[in-house]
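The form predicted alone is given below as one chain in structure tokens.
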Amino acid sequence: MAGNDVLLSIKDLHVTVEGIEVVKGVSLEMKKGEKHAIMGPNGSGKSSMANALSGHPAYEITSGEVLLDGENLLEMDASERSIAGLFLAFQYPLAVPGVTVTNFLRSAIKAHRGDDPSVLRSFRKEMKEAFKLLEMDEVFASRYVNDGFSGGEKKRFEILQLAMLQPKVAILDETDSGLDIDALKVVSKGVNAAHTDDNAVLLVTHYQRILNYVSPDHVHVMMNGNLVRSGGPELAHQLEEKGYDWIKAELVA
């Protein structure tokens, strides 16, 4: 059983997509208050692992163990994983025409906290504060979810959900992709505000630039479906300077 301060424990995780193994024995442990980053080239399995952990039906976990705050994540469906405290910010957030942002957020909050009147009374205030944090105009509250949103607006809305839902473990799948520097700073501010001593954040990214604003405690390199190197923030700077070829060369040496 994972220790009391361990929020996410992954042991020997294997994942297949359409019969092809894309995650090949990943083990990772995240404790309360920690920020981890997984970096790696395209096709290394980073997003596949994130989607599998969230319960995406296209990603089959064939073996391994995943505990979320001591509970068996693999026995839960996707909605149960969310309610248990796992959050995934999507690399490509989908539009939901016909569902307003306000109704979407209210339903999510009710699913996570119940429909006690006090929860619903505080909802509007929390939503207003989250819009302010992510520097989004409150007119978005009446718009349909991600419908007609720019790429940057979609990413801000993902982090707005993070701020409101307050999960135990947040997995951010390439949240920095497609963002200009101003949007990146706002999104990073939202991530830092949502991170506390009682939760954990896992950033999945190609590039070091978001790590200039969301400083990780641990950096891992993923290649060919496995974590091949781990270190501190200095590892991200090495990757930014030297790319991934030097690690590939060491692996085959």
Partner chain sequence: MIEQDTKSQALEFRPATEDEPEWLYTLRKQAWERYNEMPLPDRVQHLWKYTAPEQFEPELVEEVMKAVPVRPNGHSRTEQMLPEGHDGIGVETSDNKFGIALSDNATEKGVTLISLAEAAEQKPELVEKHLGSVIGSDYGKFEALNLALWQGGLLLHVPAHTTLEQPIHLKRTPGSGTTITRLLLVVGENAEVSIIDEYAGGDGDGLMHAVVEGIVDNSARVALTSMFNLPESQRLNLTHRNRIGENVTLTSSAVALGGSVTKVNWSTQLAGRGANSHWNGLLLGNGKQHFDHFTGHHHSASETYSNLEFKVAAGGKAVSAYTGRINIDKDAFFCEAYQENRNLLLSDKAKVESIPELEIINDEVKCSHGVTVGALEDEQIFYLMARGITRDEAMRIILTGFFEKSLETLPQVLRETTRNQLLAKLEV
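Fair warning: this is a prediction, and the values are worked out from it, not measured in the lab. Positions refer to the first chain, counted from 1.
Absent from the display: the form predicted in complex with its partner chain. The rest refers to it.
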Q.
Just to be sure I understand the contacts: of Asp137, Asp180, Asp77, Asp116, which is the one whose heavy atoms reach within 4.5 angstroms of its partner chain in the predicted bound form?
A. Asp77
Q | Ser107, Asn72, Ser122, Ser150 - the one with a heavy atom within 4.5 Å of its partner chain in the predicted bound form | A | Ser107
**Q.** Contact label in the predicted bound form: Gly33 to its partner chain, heavy atom within 4.5 Å
**A.** no
**Q.** Contact flag, Glu174 vs its partner chain in the predicted bound form, heavy atom cut 4.5 Å
**A.** no
Q. So in the predicted bound form, does any heavy atom of Leu165 sit within 4.5 Å of its partner chain?
A. yes
Q) Hey, in the predicted bound form, does Gly55 get a heavy atom within 4.5 angstroms of its partner chain? A) yes
Q) With the partner removed from view, which of 55-63, 224-232, 39-47, 187-195 is the stretch that lies within 4.5 Å of its partner chain in the predicted bound form, judged by heavy atom distances? A) 55-63
Q: Residue by residue through 131-170, tell me which have a non-hydrogen atom within 4.5 angstroms of its partner chain in the predicted bound form.
A: Tyr144, Val145, Asn146, Phe157, Glu158, Gln161, Leu165
